[in-house]
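One chain follows as structure tokens, the form predicted alone.
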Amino acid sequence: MGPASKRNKKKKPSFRKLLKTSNLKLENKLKNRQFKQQSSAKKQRKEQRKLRQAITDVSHKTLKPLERYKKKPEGEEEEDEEEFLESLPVDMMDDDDLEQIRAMAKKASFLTRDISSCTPVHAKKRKSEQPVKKYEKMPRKMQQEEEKELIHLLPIKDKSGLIPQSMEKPVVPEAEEEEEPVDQDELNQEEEPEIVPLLTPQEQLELRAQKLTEKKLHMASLSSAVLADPHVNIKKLKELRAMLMETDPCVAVTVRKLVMVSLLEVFKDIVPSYRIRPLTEEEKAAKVKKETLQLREFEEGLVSQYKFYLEDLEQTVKDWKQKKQKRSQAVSLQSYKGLAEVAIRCICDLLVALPHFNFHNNIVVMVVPLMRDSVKKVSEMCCGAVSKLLKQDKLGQASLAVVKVISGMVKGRNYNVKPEVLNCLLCLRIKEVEMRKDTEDTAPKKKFMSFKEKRTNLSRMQRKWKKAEEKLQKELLEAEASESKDKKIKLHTETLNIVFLIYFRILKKAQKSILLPSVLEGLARFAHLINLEFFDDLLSVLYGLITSGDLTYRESLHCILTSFHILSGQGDVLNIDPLKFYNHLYKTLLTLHAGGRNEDTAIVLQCLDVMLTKRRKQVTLQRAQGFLKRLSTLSLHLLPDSSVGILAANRALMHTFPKCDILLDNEMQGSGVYLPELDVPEYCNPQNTALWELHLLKRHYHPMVRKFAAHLMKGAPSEGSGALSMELSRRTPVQLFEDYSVKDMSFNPPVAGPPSKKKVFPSN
């Protein structure tokens, strides 16, 4: 009883663990089956080899005769006769008997002659015959039997076990051609090759166009038949897919491309909005209606053809990658690149269009490695498809699959991937769902009373009403799909954990990698969802990166933005003073200029919004005034779109800190002189200077810069004559920067040319 009770006390494995082990068992079973097949085939080949070797040894072996007879000389023959006569009792025989015995001795057979003698029996007879030909003396060879192929049949089961069955493969006897006398003229005609009429280039083009038109019409008829009635004409998909193996070298490449695209559109139209699962044995054995049977056949045919189509696309890409020429000589190696690009485009479309259908994880595994491809067109195509999928994924299953494959690829390639791969993770839709999760966690949850509590606290009638009420509440919860919400939140949490694992690995092991800007941008995007335990370490790592001097200006801006995103979310409860980040941004603001990267201005505007506007309670007036003065100076040597964004940020600062209007006055407040070269905004005495830059910007060539400069000179009023229009006042600085962008090398709005001066001629 002891071992049995211990065995019963073992914990039952969880469903997830069983799921993982079942996959391993299936893989092991498949490997064992393949190994057994290989070993049996190897054993059979070995036995056949031994049999062939034995047959060849026997056939080539020279056969030796059993006895070789040599003629004895005449003297020896006479001596033998004398010895033979001496051995006989001559005294007791007559002369006639003796002569008869001698004659009989000469004609003796094998039984009566001396076995030790080497003389052949019929020696006298052979002397009279013709001499033996040379070819008759040659040893005969054994006739080799042709190897017979065996066909292995199904085994028979007996009480003793399985009995293997096999039979010889029937050989079709080839009809022996009767030898007929052939004329010499016919032989000469056969030796001459057939002359194919040569076509002119014009005729070749016409022939190709004719063949292509026929193929297109055939494709169109098959596709329209499938789309018209998919349940009936599902078998025509196989005929359409067979055209992927087109062997005519004249039109093979074009036909294969057209078939790929046609099948893509057909599958996008006829695929149902649910995942098709395989039928169980019970479901297959059960009797169903005719309509149900037809639906099952349609689903089974659709899944199989879809699988074969994906395999064909994958094989096309593999052939191009491995530079192989397969299946036929109809497609040259140079044409495989164009075929592979069409195949990749089809795979990307299926990734985005059918995330709910079968084999979607297989498509993800195909597309993600191509995101780091050396061909720019292919990598852009795949990155765009993955970004689009992450943007439109609402359930979270496809996003989780993509993030898992990206994580494995980044780690497996030792962080040697393109930054665009990690930039795709910025498209994840997680922020609002996680926020909703927090509010759901803080909200009180309804609890149902137990049976014991009902019995002690409620009467019989109350218990009856309570039971009906709880049943109704459960139905309402199911109608709200609260279970799906919990599942979605769980998927998003797991996805975010993998994303942070990618980011933290790169921060720890590959700080000088080209992926660092993408990592910092991603941390800034999802920083408010990081666990509080990592905040202190993460801020120290970010500041260490800034002070190291190894980062570019854009990367340092991302570090600052990430740290303030961390502090603006859950980091409000932490008592951390980010003064060093303020000082670093203030010191590096003047790095921006009209000849540098104009895209960095957008990140600077985001940093100013997070650091000054959203943290207004933690910012001193001197710090705000220092930034206002430095930004006004910065706006003088930037492009017009950046100047508009900076002036809009100054407007937001003057609204957030109304006492900054002292910078519009030329009178000094307190003691000291403004020190623009100082890197600390609190100690540079910004209150003792004025915004004289606005007078220069008021005469700017761009109309929007002039408008904002005049607005700020009047104190940035919300109403009145100096106020901006409602449309401009509602836009953020980043939106204004993007709206008036000059990346297309054109002014928005157009800039008027200088006024023409009339020449005045002197009067005579």
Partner chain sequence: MTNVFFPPFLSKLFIESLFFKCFSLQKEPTAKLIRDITQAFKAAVATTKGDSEELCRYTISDSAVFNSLVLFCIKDMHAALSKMLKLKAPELILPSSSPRWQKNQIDIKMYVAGVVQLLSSLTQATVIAAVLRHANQMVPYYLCLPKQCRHLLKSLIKHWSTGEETVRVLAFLALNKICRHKQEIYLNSVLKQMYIAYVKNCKFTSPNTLPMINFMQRTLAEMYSLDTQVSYQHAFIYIRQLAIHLRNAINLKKKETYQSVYNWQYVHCLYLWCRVLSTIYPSEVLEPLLYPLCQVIIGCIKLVPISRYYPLRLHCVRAITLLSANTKTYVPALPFLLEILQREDFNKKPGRMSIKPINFAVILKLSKTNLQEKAYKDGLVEQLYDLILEYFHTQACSIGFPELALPTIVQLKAFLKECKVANYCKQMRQLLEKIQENCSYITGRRQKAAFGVADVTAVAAWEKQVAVEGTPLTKYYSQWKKLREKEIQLEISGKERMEDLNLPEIKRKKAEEKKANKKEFKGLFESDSDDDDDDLFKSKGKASC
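Take the two forms, find the largest set of C-alpha atoms that superpose within 1.5 Å, and that set is the rigid core. Numbering follows the first chain given and starts at 1. Keep in mind that what you see is a predicted model, and the values were worked out from it rather than measured.
From this point on, the text means the form predicted in complex with the partner chain, which you will not see here.
Engineer: Is it the case that L590, L663 and M713 all touch the partner chain in the predicted complex, with a non-hydrogen atom of each within 4.5 angstroms?
Structural biologist: The answer is yes; L590, L663 and M713 each reach the partner chain.
Engineer: Could you check which residue among G384, G596, G338, P419 gets a heavy atom within 4.5 Å of the partner chain in the predicted complex?
Structural biologist: Selected option: G596.
Engineer: Tell me, out of N688, Q606, S223, N233, which residue has a non-hydrogen atom within 4.5 angstroms of the partner chain in the predicted complex.
Structural biologist: Going through each option in turn, the one that passes is N688.
Engineer: Going by heavy atoms within 4.5 Å, which of 663-671, 460-468, 349-357, 512-520 lines up against the partner chain in the predicted complex?
Structural biologist: Heavy atoms within 4.5 Å of the partner chain in the predicted complex occur in 663-671.
Engineer: Though only this chain appears here, would R49 touch the partner chain in the predicted complex if you measure heavy atom gaps against 4.5 Å?
Structural biologist: The answer is no: R49 has no heavy atom within 4.5 Å of the partner chain.
Engineer: Taking heavy atoms only, is R731 within 4.5 angstroms of the partner chain in the predicted complex?
Structural biologist: No - in the predicted complex, heavy atoms of R731 and the partner chain never come within 4.5 Å of each other.
Engineer: Does the 4.5 Å heavy atom contact test between H637 and the partner chain in the predicted complex come out positive?
Structural biologist: Yes, H637 lies within 4.5 Å of the partner chain in the predicted complex.
Engineer: With heavy atoms only and a cut-off of 4.5 Å, decide whether E677 touches the partner chain in the predicted complex.
Structural biologist: Yes - in the predicted complex, heavy atoms of E677 and the partner chain come within 4.5 Å of each other.
Engineer: May I ask you to list the residues of 691-708 that have any heavy atom within 4.5 angstroms of the partner chain in the predicted complex, in sequence order?
Structural biologist: Residues within 4.5 Å: L691, W692, E693, L694, H695, L696, K698, R699, H700, Y701, H702, P703.
Engineer: Return yes or no for L207: a CA shift of at least 2 Å between the shown form and the other one, with the rigid core superposed?
Structural biologist: L207: C-alpha displaced by less than 2 Å between the shown form and the other one.
Engineer: Compare the position of the CA of E297 between the shown form and the other one after a rigid core fit and state whether the shift reaches 2 Å.
Structural biologist: No; E297 is a residue whose C-alpha shifts by less than 2 Å between the shown form and the other one when the cores are overlaid.
Engineer: Does superposing the core leave S642 with a CA shift of 2 Å or more between the shown form and the other one?
Structural biologist: S642 C-alpha, core-superposed: shift of 2 Å or more.
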